[in-house]
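What follows are structure tokens for two forms of the same protein chain, given separately as structure 1 and structure 2.
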Structure 1
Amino acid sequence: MTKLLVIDDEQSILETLRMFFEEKGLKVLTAETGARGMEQFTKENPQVVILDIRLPDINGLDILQTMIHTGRPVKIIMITAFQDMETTIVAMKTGAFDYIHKPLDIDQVEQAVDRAARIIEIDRKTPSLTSCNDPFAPVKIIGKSEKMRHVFKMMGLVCDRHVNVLLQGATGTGKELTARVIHMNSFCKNEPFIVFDCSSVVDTIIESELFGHEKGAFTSADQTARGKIELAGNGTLFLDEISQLPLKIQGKLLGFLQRKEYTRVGGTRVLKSNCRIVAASNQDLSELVDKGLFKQDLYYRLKVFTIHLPPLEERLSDIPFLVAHFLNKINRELGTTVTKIQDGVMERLRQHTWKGNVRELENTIVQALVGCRGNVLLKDDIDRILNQYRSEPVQGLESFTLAHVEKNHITRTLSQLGWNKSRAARLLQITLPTLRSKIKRYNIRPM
């Protein structure tokens, strides 16, 4: 039987809630003061508490904090007649399960209590995941499906071969992560790993970004600057979205790949670099070659060794492993403590059409954990998040494009993290320049 403790200085509220919830089969305890409420809490160990913020002896927020710090699996619903933003934020930040304004709507209170009791029961019945929460764990790709095992074999073959690598895969399949793992397992693992997103820089400065420039090369060039190739040294240069590289720069990159030599913009001195190029594209470069949008010779130079990364819909058996990994990772980054997964969650995730692939899955887990009120990843929360896509208005064919899905993911992630771009970039598994580029491209603004 669920124990409910109600702490409020209004006798009418105590009596009304006691009668209502006793008829529902709950054991109801009441207290008119904060001190008496804490006594009942300590002695009776209730699962759910309804707590008024304004009490005659103790501030309800102080009681909330004390109860939370006991570490007991209690759900505390705050109630108040004073509706102000600051108090609501403090209460929810401290750990309140819900926040309800007076005059009380008994249906709203019942829903909150029922949900709290249900989550506690689910928590009790659900075993914890085996913890692998190691903040020092090396970067790795999660997957045990046949297609991912093939990817791992291909990565193993190329790690110590100093050849260019082309990664082909849809948005969100983990191309940058794959490039990092190849680098970390190569002979040049102690050399730099440099990321350059070809879609994030305007055409007028992309040559300077790649090859560097000499002082005075152009109006704002007040000092000599090294480019990404030079920064990579004997390490790895990861060229993301290589299909977005302008044709003029494609020609200069081809020259570098052929001779391993280049010059800075505005310079004459020939520089050498032995960096390995790992390029990535979510478009079929062979089709772009046929359309005259990508240089054929450059394509052949890049595709010396090609790895195709499968979309998530072709590796659904990996979802449980990915979810467990993301729970550990996100708990670490957001300070959440979700270590359990309700029955039915995995099946619901397998049924979804993952247009944004692994990145969309991770973003879904982030959203669920941000709004979580306990230690269990709930099916209801996953349903609510995934059903958002169905409820969004259709705006022509754009609603079904990967770009539209990606825009939604980035917008939600930024909103949930208070527009902290650095944290958002880490959770989205993209570089900060790439995030800024996508914010600009999709015209994403704070809500």
Structure 2
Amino acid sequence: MTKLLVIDDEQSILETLRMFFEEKGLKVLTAETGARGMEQFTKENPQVVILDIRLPDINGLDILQTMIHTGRPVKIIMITAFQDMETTIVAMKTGAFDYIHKPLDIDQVEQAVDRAARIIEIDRKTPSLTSCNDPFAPVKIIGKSEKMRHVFKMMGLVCDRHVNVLLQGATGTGKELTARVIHMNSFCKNEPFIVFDCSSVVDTIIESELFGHEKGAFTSADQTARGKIELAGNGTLFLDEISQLPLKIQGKLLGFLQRKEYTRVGGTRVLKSNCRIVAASNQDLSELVDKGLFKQDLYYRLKVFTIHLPPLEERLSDIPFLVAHFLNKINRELGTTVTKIQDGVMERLRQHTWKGNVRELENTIVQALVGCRGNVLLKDDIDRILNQYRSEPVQGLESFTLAHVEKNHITRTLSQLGWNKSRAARLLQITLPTLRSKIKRYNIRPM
């Protein structure tokens, strides 16, 4: 039987709630002061507490904090006559389960208590998937599926060989992660790992970012600057979204790959670098070669050792392992303690179409954990997050205008990619400035 403790100095509220919840079969305890409430709490160990903020003797927020600090799995619903923002934020931060304003709407209280009782019951029934005191997780690629085992084999083959590596895979499949792990397991693991995103820099400065420039090479070059190739030294240079590299720079990069020599922009001195190149692309480079958008010779140089990262939908069996991994990781980052998942969650996750792949899965878990009040990841929460763009009401024919469809598509893409605009622009195959102007025009904001 659920035990409910109500702490409020208004006798009428105590009576109303007692009658209401006793009728529903709960055991109800009441207290008119904070001190009496704490006494009951210690002695009776209720699962749910309804707690008024303004009490004659102690501030309700202090009681909340004391109760949370006992570490008991209690759900505390705060009530108050004040509608102010600060107390609500403080209460939720401290760990309140819910927050309800007076005058009390009994339906609202009932819903909150029901939900609390339901979560306690699910928590009791669900075994822990992970422990939440794992202090740090190494950079790890998770996967036990056939396809991921193949990826690991390829990585093992190439780690210690000084050859270039090409990583092909859709957005969010783990290309950057794979590049890091290759580096960490390579002959050059104690040398730098330098990232260069070929799509994030405007064409005019890509060359000097990559190869560096001499003082006076152009108007704003008031000092000599080292490029990424130089910074990588004997380590790894990760060239992200290599397909976005302008053709002219592709030529210069090819020259470097052939001779391991290059010059800074505006310079004549020949410099050497022995860095290993790991390049990544979410577009099929061979198709771009056919279209004349990517240099064939460079492609041949890069593709010598290609690793294809499979999309999540081709390895659904990895989802449980990924979820356990992300729970661990996110609990540590957010200070949450979610170690269990409700029955049905995995099934729901398997049914979703993961356009943003592992990144979208990770973002979904982050969103769910931020809203979670307890130890269990609930199916309702996952449903709400995964359905958030499907449930838009159709208001009539105007909902089907091209602009409306475009706005929805952009919103969904941004959300799936954790609001990473350059990735979203790539996936939508529009330029970053175009994406920015559309975000502004449609007034799209993170939800």
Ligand SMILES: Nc1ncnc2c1ncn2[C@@H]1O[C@H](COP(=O)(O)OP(=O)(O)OP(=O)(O)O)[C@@H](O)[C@H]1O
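Residues are numbered by position in structure 1's sequence, first residue being 1. Everything numeric here is computed off the predicted structure, so don't read it as measured data. The term rigid core refers to the most C-alpha atoms you can superpose between the two forms while keeping them within 1.5 Å.
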Of these two, which one is the form predicted in complex with the ligand? 2
Honestly, after the rigid core fit, is Gln429 moving at least 2 Å at Cα between the two structures? yes
Once the two forms are fit on the core, has Ile439 moved its CA by at least 2 Å between the two structures? yes
Once the core is aligned, does Thr411 move its Cα by at least 2 Å between the two structures? yes
